[in-house]
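A single chain comes next, written as structure tokens; it is the form predicted on its own.
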Amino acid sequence: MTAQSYIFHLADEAATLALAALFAPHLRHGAVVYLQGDLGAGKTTFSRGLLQAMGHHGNVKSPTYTLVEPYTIAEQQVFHFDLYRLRDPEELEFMGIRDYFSKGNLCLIEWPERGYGLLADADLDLQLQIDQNQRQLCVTANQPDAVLWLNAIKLAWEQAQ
């Protein structure tokens, strides 16, 4: 199976939140999602939009200092990681990182390159970039179910535009 990619153009924060909401129904049974991009590219904004679309009603903050913020949404465990301040990937072993990747859990991982070698493979790899006055999100689906999700999301996005 070859990975499949698609680039979404996002005019503003509202567009980022709207696109994130389209991912929600496809991730209700768990997945590993890598969120990559420079500081301020929209990784946490995307995570917030996704979590709120899944039914979370509180604040969504970047877990920069705690490394992980857990959420329970409709009996699903969601873990939002921010590995920006991680000094050594081995620190993840001490926090029991492998336990978070249980079947059915959704793991959103910002700065996954800092945990290289200890993270589960990504079902979806999201690369956010600032392109002049807008952002673009390149989504790569790395396994068959994720390709189906990406195709459904592309269709819904194109119909909404």
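Just count from 1 along the sequence shown to find any residue number. Fair warning: this is a prediction, and the values are worked out from it, not measured in the lab.
The protein also exists as the form predicted together with a small molecule; that form is not presented, and the subsequent description refers to it.
Figure note: of the listed segments 132 to 140, 99 to 107, 49 to 57, 115 to 123, the one touching the small molecule in the predicted complex, with heavy atoms no more than 4.5 Å away, is 132 to 140.
In the predicted complex, no heavy atom of Glu93 sits within 4.5 Å of the small molecule. Contact annotation: Glu13 falls within 4.5 Å of the small molecule in the predicted complex, judged by heavy atom distances. With a 4.5 Å cutoff on heavy atoms, Ala41 counts as touching the small molecule in the predicted complex.
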